[in-house]
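Consider the single chain below, provided in structure tokens and representing the form predicted on its own.
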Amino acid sequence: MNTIDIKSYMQSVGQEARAASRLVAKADTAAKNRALTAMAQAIRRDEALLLAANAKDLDNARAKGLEASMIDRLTLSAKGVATMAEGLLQIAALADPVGEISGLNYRPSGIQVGKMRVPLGVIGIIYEARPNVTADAAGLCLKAGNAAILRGGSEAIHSNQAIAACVKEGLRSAGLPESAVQVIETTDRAAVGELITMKDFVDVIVPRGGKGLIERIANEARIPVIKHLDGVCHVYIDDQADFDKAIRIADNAKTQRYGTCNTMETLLIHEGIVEKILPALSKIYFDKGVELRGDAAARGIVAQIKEATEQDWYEEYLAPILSIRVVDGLDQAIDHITKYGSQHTDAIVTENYTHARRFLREVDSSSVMVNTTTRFADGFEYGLGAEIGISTDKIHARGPVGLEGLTSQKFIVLGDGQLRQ
């Protein structure tokens, strides 16, 4: 497509999405749940087709020399297909937020004032790799009464189109418009530029991908954006941590998966426990091929640790690399997280109730955890069914964005002939 064709195509997509959003907004819960169930069934039935399409994308990605972290996010396994289907069924099982009324109170005038939860309208989702986003986003947007325009990366085009076919089948079977979820068919980047400026047709943009993509969207969009730029996640091992628990959490938070935004990138260890725990942890990391970069105190205990630079504390590696810093206590750990963190997800390992409570209260991140791994910062794990993304913003939605984050509220006023005096 040339530039004129792209603009015309995107305008058409936007118009169809806006029209579909009005129909989906008033669709009843049963119809939406039938669509979600049918989508899940189609995905399970077409597992072999989805994996074959993903294999094409992986072959192309390797041929182009894409980074290992990108290929990791692009990879779809049989377990991943099952998780997509299960996520849709979980969304179907969730309470429908649309139309929910809260805070209804009588005013002195006799009127009742409250709030009703309503859809946002049309949501544009721009993402790299991560073919599971196609199903997750479609399901969440639909259940929340929204239409969705999905623009996946060129590296996942075959996977996304295969999943989109299952989504459209589910919509058809429930009598809902197929245009309620549209996957952009062109890989031309000009489509992104159009999508993020179509304020007549799109109400919210959700970018999911690398920092470069998200920065571009945030800077150029003329539509509100729900986003997070980095996932610089920390685990702090307190001097009153349970040794075995700390070992397992610090291992899982880094090595369970390297290319995700909730993977630990910096490990903070109290000086009172570091000599005991760091050698054991280092062996685990080295055995798994993780490169360690640490401060002078860490290197003084484990000689194979490389010197960390100031920039390392800011890094989201998305790779088998970990920064390690020794701190003198909880205050220094919180100060480090405040300075270098990205307000995504941070965890403390401690058996001290007071330390745990202080950490929960004082660490200003979208998810703050005690005695568990940062890898749990995920909509599926939080019981949201799935997530549209994770927001580190403080307005509207924060943390994993599920159904409620894809709705807004309007005031409703109930009267019986009262007049303002």
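Residue indices: 1-based, along the sequence shown. Fair warning: this is a prediction, and the values are worked out from it, not measured in the lab.
Beyond the structure shown, there is the form predicted in complex with a small molecule, which is absent from this document and is the topic of what follows.
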Looking in the predicted complex, any heavy atom of Gly212 within 4.5 Å of the small molecule?
-> yes
Would you check, heavy atoms only and a 4.5 Å threshold, whether Ile390 touches the small molecule in the predicted complex?
-> yes
Any non-hydrogen atom of Glu128 within 4.5 angstroms of the small molecule in the predicted complex | yes
Taking heavy atoms and a 4.5 Å cut-off, does Ser154 contact the small molecule in the predicted complex?
-> yes
The listed residue (Lys254, His234, Lys143, Arg73) that reaches within 4.5 Å of the small molecule in the predicted complex by any heavy atom is Arg73
Among the candidates Lys115, His158, Arg216, Arg248, the residue which, in the predicted complex, approaches the small molecule to within 4.5 Å (heavy atoms) | Arg216
Even though the small molecule is not shown here, does it sit in the predicted complex so that Glu16, Ile43 and Lys168 each have a heavy atom within 4.5 Å?
-> no
With the partner removed from view, which of 22-30, 348-356, 65-73, 50-58 is the stretch that lies within 4.5 Å of the small molecule in the predicted complex, judged by heavy atom distances?
-> 65-73
